[in-house]
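Single chain ahead, written as structure tokens, the form predicted alone.
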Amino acid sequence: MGTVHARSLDPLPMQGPDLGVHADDVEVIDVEPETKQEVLENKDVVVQRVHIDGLGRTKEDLLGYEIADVFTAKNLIDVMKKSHDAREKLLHLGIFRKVEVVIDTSEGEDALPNGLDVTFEVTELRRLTGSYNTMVGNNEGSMVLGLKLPNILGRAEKLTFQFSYGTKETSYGLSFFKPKPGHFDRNVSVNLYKVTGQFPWSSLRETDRGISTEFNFPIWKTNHTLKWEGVWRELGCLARTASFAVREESGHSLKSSLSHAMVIDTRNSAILPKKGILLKINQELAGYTGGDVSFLKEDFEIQLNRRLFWDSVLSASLWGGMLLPIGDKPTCIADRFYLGGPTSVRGFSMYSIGPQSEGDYLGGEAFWASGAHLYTPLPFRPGRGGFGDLFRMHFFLNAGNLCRLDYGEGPRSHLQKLAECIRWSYGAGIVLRLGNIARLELNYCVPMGVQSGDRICDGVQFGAGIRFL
């Protein structure tokens, strides 16, 4: 973290070289010793000054919120702890490449015997940085190129340009991010983007051009996001063999929506957790702020994880959602829910559960899915304490259903439809955790409850992604 210095007088040696002078011949002169300055763990101290060296374009008032707690320290251990916490906060701002801490005794005319000075030696990020990396989504991968202007206005603002080329999606966008000083978790961002995606399970191609504004803030143990989005959507057929139902959806639409998301996440890892819970609730209302698309969309996700004996983990999850059209227009194929595949109900092909037309899956307006999983170490624990710990055995039981809301009357008929003809599967396999980036699954699946039109993957199925049922 840094170095701690304490100044005191060094004792004279008990014996020295013989200079031919005897002690009796020396005139003894009384000398008043200097006052010792000692900094001890059990003594009270006062932090008199905090310096920040190395600032260039960063405004000092931004950093005052992050280092204020250092002045409240009462002893040396407390000073070291609060200085370390302040260092972590400074790094969390994303504007410094390196932060070092030096704690020393105070000097000067106003220095107290127990006074300390704390110095943060910072190195700012360059004005322009670039990045190149790969990302793994739900059974898809992409290459990402980015340019970033960090701390562009001196108060942790960030301007980012990003280009992504993937197996199913290509996008580029420009975003501006600004946090609230002293409350980095409260921030505002504005995004301009264009996204082109291919959805072969529906023979559909979609191009979105839009702008969005997000406001993120925590409340107690929850994190919230308020978002407005305006997007011009262009839908087209991916192949000449696309069904008439997909061709009907082709064309242009303008969506303007307000959405809210709440998240409670106590898991120790988002990729392969061993303990903790996740609760995520999303609401989206389209049509009341303009556009020609109107609907109310609600969905949720719950996950519970519990560590068992022999380093095994039991996990249970539940997803659900409903899409309600507002007005006489039916819902759009781009707004509906899709189910099935190695990241949701395993044993079925990607998004191949539910209504379909001539082999093209049209999605549904109501769905649910649940899963129970048991993760155990590999037999005989090969590579224990190293590479082998990234692998886990996986036993699972999945179930779910998806349907449209254009039949019957009232919610009772819809709930009855969701409870009928449940698709489910079971199996076992191996999971590989790729750090905190993604995870890979290789499972042997046995699909059950297969309905007419469903596309199954009976046997070995491979999955890659960050969000799994």
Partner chain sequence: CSLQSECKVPFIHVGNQVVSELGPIIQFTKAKGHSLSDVLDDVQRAEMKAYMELMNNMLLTAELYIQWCDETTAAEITRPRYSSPYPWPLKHILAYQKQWEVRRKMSAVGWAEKTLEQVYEDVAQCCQALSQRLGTQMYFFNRQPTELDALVFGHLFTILTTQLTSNELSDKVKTYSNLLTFVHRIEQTYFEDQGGGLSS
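Being a predicted model, the structure only gives us computed values, none of them experimental. Positions refer to the first chain, counted from 1.
What follows is about the form predicted in complex with the partner chain, which we do not show.
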* Proximity to the partner chain in the predicted bound form, single hit among 237, 111, 281, 136 (heavy atom within 4.5 Å) -> 237
* Which one, 294, 259, 142, 253, lies within 4.5 Å of the partner chain in the predicted bound form by heavy atoms? -> 253
* **Full three-residue contact with the partner chain in the predicted bound form, heavy atom 4.5 Å, for 232, 244 and 248** => yes
* To do: Work out which of the listed stretches, 270 to 278, 150 to 158, 319 to 327, 286 to 294, brings a heavy atom within 4.5 angstroms of the partner chain in the predicted bound form.
  => 286 to 294
* For residue 121, is any heavy atom within 4.5 Å of the partner chain in the predicted bound form, or not? -> no
* So in the predicted bound form, does any heavy atom of residue 358 sit within 4.5 Å of the partner chain? -> yes
